[in-house]
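First, one chain by itself: the form predicted on its own, in structure tokens.
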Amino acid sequence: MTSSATKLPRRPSGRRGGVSAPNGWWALAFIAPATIGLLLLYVWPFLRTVIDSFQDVPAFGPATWVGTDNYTALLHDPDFWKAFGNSALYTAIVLLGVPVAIALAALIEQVGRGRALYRVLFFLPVVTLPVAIGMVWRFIYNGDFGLLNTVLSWFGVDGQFWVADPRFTIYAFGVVGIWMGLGINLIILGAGLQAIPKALYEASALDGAGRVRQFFRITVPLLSPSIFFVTVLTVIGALQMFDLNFIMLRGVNNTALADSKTIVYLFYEKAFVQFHQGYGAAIAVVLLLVIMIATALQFRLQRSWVFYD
């Protein structure tokens, strides 16, 4: 009697781990463009910037190794610390937009009809060119005929030169930054709100909890992972702010520019206007370290207030 036992399939020759050699070469061919682009556009510029930060790189001619001289000069440069303070102040102001986004997201979630329309309207600044945004807000902030001063005059309030007076420029940038960031924050927070089970609100309502108590006892704790994510993105984006500084302050005899530069604007000025590329590279490396430290600190602190399921 012949055996009817099922034979195990034999591994085809030329295969390793279930993938044939030709298929392996095809896989490498498909990922090669992305890998090459990553190396050429991200990894190599990063390494080159780090190397240039230890050199004196003139506009023409070979670079000269100077060691840590660029970093020493940077630490003793009052312009750098002024720009760093401006960036930190701008970041703190823009972070105020996170609770605003939380409140707006919660209100939009309560809307029965037109919810998508509200999200689209708030999202429009995200898909608008920063140059266009800067030009529009420059007109709004204009001290002579700007829309903001016109509205203030209706209430008997004297207007200011919002982007020509260093006392107000960073705060003016901060308002624009909050407005620009609301769209993406609302999308992220709205997705987080939809993930919260409705049964929790129904159960708390039976226990006598009102809307305000539900918001602080249910919505905010369960939304904390999304809030943390939005906060990290906001800090990283705010520390890299350049476009508003460039568009809204560049002009003839704008006396506010000297005292209102952000750290990225200072990098642009040193590297591409004054052609001190080694010094500019040192600014870029320091900015990277600041962002890494700020992000690591946020991840450290999130253990005490972010609640995961």
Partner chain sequence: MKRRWIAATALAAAVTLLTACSGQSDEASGEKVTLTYANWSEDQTPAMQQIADEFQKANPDITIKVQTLPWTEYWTTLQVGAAGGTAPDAFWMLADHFREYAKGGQLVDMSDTVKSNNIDLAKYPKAVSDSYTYDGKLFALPKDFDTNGIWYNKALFDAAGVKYPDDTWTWQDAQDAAKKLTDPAKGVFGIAAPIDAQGGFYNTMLQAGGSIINADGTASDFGSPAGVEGLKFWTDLQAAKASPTLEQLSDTEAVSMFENQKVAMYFSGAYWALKFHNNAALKGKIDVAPLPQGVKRATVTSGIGNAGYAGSKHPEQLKKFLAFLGGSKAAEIQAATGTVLPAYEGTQQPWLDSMPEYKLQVFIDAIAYSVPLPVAGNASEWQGLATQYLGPAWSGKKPVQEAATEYQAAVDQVLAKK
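Basically, rigid core = biggest C-alpha set you can superpose within 1.5 Å across the two forms. Positions refer to the first chain, counted from 1. Keep in mind that what you see is a predicted model, and the values were worked out from it rather than measured.
Heads up, the form predicted together with its partner chain isn't pictured, but that's what we're talking about next.
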- [ ] Give a yes or no on whether each residue among 213, 220 and 300 has a heavy atom within 4.5 Å of its partner chain in the predicted bound form.
- [x] no
- [ ] Work out which of 43, 51, 27, 258 lies within 4.5 Å of its partner chain in the predicted bound form, going by heavy atoms.
- [x] 258
Open item on the list: Please pick out the stretch from 142-150, 104-112, 181-189, 91-99 that is in contact with its partner chain in the predicted bound form, where contact means heavy atoms within 4.5 Å.
Closed with: 142-150
Open item on the list: Please tell me whether any heavy atom belonging to residue 176 falls inside 4.5 Å of a heavy atom of its partner chain, as the geometry stands in the predicted bound form.
Closed with: no
Open item on the list: Can you tell me if residue 295 lies within 4.5 angstroms of its partner chain in the predicted bound form, counting non-hydrogen atoms only?
Closed with: no
Open item on the list: Considering non-hydrogen atoms and a 4.5 Å limit, does its partner chain approach residue 161 in the predicted bound form?
Closed with: yes
Open item on the list: Even though the partner isn't displayed, in the predicted bound form is residue 119 close enough to its partner chain, meaning a heavy atom within 4.5 Å?
Closed with: no
TODO: For the stretch 267-305, return the residues whose heavy atoms include at least one within 4.5 Å of its partner chain in the predicted bound form, in the order they occur.
DONE: 268, 271, 272, 273, 274, 275, 276, 277
Task: Rigid core fit then residue 273 CA moved by 2 Å or more between the shown form and the other one - done: no
